[in-house]
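To begin, one chain is listed below as structure tokens, in the form predicted alone.
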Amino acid sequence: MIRPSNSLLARAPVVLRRSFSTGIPRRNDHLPTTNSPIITKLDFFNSVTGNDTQIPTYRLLDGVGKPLDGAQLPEIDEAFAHRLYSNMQLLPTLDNVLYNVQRQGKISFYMTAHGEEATIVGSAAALDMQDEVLGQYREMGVLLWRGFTLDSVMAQCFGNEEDTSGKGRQMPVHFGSPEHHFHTISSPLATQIPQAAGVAYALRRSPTRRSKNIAACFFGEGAASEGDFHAGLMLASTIPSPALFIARNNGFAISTPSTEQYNGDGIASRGPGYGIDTLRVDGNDVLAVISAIREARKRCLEQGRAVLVEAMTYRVGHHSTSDDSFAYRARSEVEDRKRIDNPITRFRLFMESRGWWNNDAETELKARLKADVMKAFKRAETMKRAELGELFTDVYGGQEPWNIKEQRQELSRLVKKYGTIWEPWQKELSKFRNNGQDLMK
């Protein structure tokens, strides 16, 4: 057996280990000997805290809106508090109307944000208006905070001619607005997570936006079970970029409770594995969310690296209009959550303690929001869809490919053949601007 000389052994670093087969020292460069202490006792661990305690949750207000001992509240004035509360109340007002509208068959689908108002509005308030946002399904509140109008919300859900998100070709609540730096929502789960890493890298490479803006990515804890979650965090970690990943842990991935989704300590426990600064926050405490997202955004910009924030909340509403959540959870559980840990009520009690709110203001606000939403709804339902030919525009950039031309020609042939003689087609074509005449030429 050939053995190394004493001089070689003397020069060998501590990472040299003997091969089981030959006994010859070999280099294991992958061993993290400079950072990881050597132990001689088996010590399996299942928590990033290094012991059996769970990752802590950052909170500022208790369940009745009182600041916790030692809590440092973000600096907000009465006007800002009113804006926060108004936007939080607007979400359930919209949800209630559009949920009922879907049940009446006037729109095809809807998804509420009941119970997650503090997470969504608090995050929106903490971000810069120029930050790029890649949402999942429940982030309408971010757009509303940035000035997206109720008419625009209704236009997208009804798919009428004013829908700038997708010209009526996408499902309801799949918003998008370049003006508001809000990337169009996609139906496939978790696709926005690796996209956010790419957007953040593009911001890092942009001379005019470097160290000024970040990419904020929202997703549910169910989406974190997709491979795209790991691909996105890996990309943002190995090619450092200012991506802020905001996980809305609302307890359910449709009908699957979080207890059946993972065996670790939530989503936050995954961040350190990618070398990403991570924080868990009480997602029902709007002030804690604002502080958490502000600090997370600051770290993204200063370090040029990704940050993960897990917001712990609870989905009070059904997953969507295609779901009956009482088939997999007790109605009493939901009612208890509404009563005991309501994010809107918690912030209202905080404002009342400051003398910023009262019952008269509450009554006036709810009446005004309901009137505004109903006005937008009634306007949207009377509007026509875009021209039928818009179905084929903006599908690809550059020269129109042969398959799109072929599909337009085929639809044009059918419209000319049946559109003037068959009543069902006549009725459907009447819903479009110009009654489909653009394809009858």
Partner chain sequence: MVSRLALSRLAPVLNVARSSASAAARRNIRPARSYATSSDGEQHSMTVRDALNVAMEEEMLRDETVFILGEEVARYNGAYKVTKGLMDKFGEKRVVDTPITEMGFAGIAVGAALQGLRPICEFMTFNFAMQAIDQIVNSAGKTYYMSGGNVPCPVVFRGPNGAAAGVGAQHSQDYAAWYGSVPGLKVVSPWSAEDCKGLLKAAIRDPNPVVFLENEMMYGISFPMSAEAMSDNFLLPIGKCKVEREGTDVTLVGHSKMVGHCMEAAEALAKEGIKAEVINLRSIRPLDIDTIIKSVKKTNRLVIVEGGWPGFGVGSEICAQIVESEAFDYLDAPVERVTGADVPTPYATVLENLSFPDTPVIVKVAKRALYRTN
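Rigid core (definition): largest C-alpha set, two forms, superposition within 1.5 Å. Just so you know, these numbers come straight off a predicted model, no measurement behind them. Positions refer to the first chain, counted from 1.
Not pictured, yet referred to below: the form predicted in complex with its partner chain.
Partner-facing stretch of 373-381, 412-420, 58-66, 394-402, counted where any non-hydrogen atom is within 4.5 angstroms of its partner chain in the predicted bound form: Among the listed stretches, the partner-contacting one is 394-402.
query: Heavy atom to heavy atom, is residue 132 within 4.5 Å of its partner chain in the predicted bound form?
result: Looking in the predicted bound form, residue contacts with its partner chain include residue 132, since a heavy atom lies within 4.5 Å.
task: Classify residue 151 as contacting or not contacting its partner chain in the predicted bound form by the rule of any non-hydrogen atom within 4.5 angstroms, answering yes or no.
output: No, no contact at 4.5 Å.
message: Whether residue 106 contacts its partner chain in the predicted bound form should be assessed with a 4.5 Å heavy atom distance threshold; does it?
response: No, residue 106 sits far enough from its partner chain in the predicted bound form that none of its heavy atoms falls within 4.5 Å.
- prompt: Is there a heavy atom of residue 266 lying 4.5 Å or less from a heavy atom of its partner chain in the predicted bound form?
  reply: No, no contact at 4.5 Å.
task: Sort through 342, 258, 186, 102 and report the residue having a heavy atom within 4.5 Å of its partner chain in the predicted bound form.
output: After the contact test, the surviving option is 186.
message: Considering non-hydrogen atoms and a 4.5 Å limit, which listed residue (209, 294, 305, 82) is close to its partner chain in the predicted bound form?
response: Comparing distances to its partner chain in the predicted bound form, the residue within 4.5 Å is 209.
message: Suppose contact means any heavy atom within 4.5 Å; which members of 227-250 contact its partner chain in the predicted bound form?
response: In sequence order, 227, 228, 231, 234, 235, 238, 239 come within 4.5 Å of the partner.
field: Core-aligned CA displacement of residue 56 at least 2 Å between this form and the one not shown
entry: False for residue 56: its C-alpha shift is below 2 Å.
- prompt: Is the C-alpha displacement of residue 408 equal to or greater than 2 Å between this form and the one not shown once the rigid core has been superposed?
  reply: For residue 408, whose C-alpha is compared between this form and the one not shown after core superposition, the shift is 2 Å or more.
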